[in-house]
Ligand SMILES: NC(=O)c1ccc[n+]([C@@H]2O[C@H](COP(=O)([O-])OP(=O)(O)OC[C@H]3O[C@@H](n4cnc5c(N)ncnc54)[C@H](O)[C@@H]3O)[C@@H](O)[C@H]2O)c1
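First, one chain by itself: the form predicted on its own, in structure tokens.
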């Protein structure tokens, strides 16, 4: 992809998170101004190390729940006209025990930011949705229309993300990207909010048995971080393209599923870990099967995930070998 000629001022909420930091890094490399927001609930300052001192980057330690957040940021940085809203409570188990807090941060704060973006005449508002919006729907691959008011969401996280996506998609400047299972460098394996790939890699490198919740036959659509960032840039109108992404909801995945047991075997082979997995009870709120239909965003943006699971795992493994803390 070629960079878009027009330089933008971009807000990235959740900028110290796994995905937010990769997005900010790419935006800065393309010459855009980035204003980052994070309160470090699940993000880490070290994720911003590669760009923290970049002259086009400004950081504010704030919560997205603050009133007039976008107004205050735009007053300080008048060039802002695009918001990538990634900040959220990202843990399904946490949301099960903190339903009201999850709804406040993942939905109510999103609506407030969107309304501010509209009032400030932003050009685009891109929201980080989730495959959890589909609940336990077994009509695979999952199409965007399958999630509706009748969907039985398995967690407050999934419900709040669904409501957020619906609200964003109804705005003429809103694009909601329903991400499936994102993985890659910088994902924190020690965090309770971490994905299965980072946890498996951490365990494998420590020569521990990989922990599988349930029977391991759960299936996921794993998408690599660089492909995810490409999708964000296209949704934000920040890549030269013959496509123009209209407001709406789009799945972001690979269109291929992998069971947790299959994933465990690949990681064991890549790391040389010969230990048999250990099995623990299934976790409440976890989805059984998940697979994206990616045709809608492919038609809207010309996008396809270009990184195979094995290639993405190799790159992620290399990063963990270089950055994994000593015991």
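Residue numbers count along the first chain shown, from 1. Since the model is a prediction, treat every value here as computed from it, not as a measurement.
One more form of this protein exists, namely the form predicted in complex with this ligand; it is left out here, but the text below deals with it.
Visitor: Which one of 50, 258, 293, 63 is close to this ligand in the model of the complex, taking close to mean a heavy atom within 4.5 Å?
Guide: Looking at the other structure, the residue within range turns out to be 63.
Visitor: Under a 4.5 angstroms heavy atom criterion, identify the one residue in 160, 83, 90, 176 near this ligand in the model of the complex.
Guide: The residue in contact is 90.
Visitor: Is residue 42 close enough to this ligand in the model of the complex to count, meaning some heavy atom within 4.5 Å?
Guide: Yes, residue 42 is a contact residue.
Visitor: Please tell me whether any heavy atom belonging to residue 130 falls inside 4.5 Å of a heavy atom of this ligand, as the geometry stands in the model of the complex.
Guide: Contact with this ligand, yes.
Visitor: Answer with yes or no whether residue 105 is in contact with this ligand in the model of the complex, where contact means some heavy atom within 4.5 Å.
Guide: Close contact exists here: in the model of the complex, residue 105 approaches this ligand to within 4.5 Å, heavy atoms only.
Visitor: Any of the heavy atoms of residue 238 lying within 4.5 Å of this ligand in the model of the complex?
Guide: It does not: once this ligand is placed as it appears in the model of the complex, residue 238 has no heavy atom within 4.5 Å of it.
Visitor: Tell me which of 72 to 80, 92 to 100, 121 to 129, 212 to 220 has residues with heavy atoms within 4.5 angstroms of this ligand in the model of the complex?
Guide: Answer to the contact question: 121 to 129.
Visitor: Pull the contact list for 7 to 21: residues with a heavy atom within 4.5 Å of this ligand in the model of the complex, in sequence order.
Guide: Contacts from 7 to 21: 14, 16, 17, 18, 19, 20.
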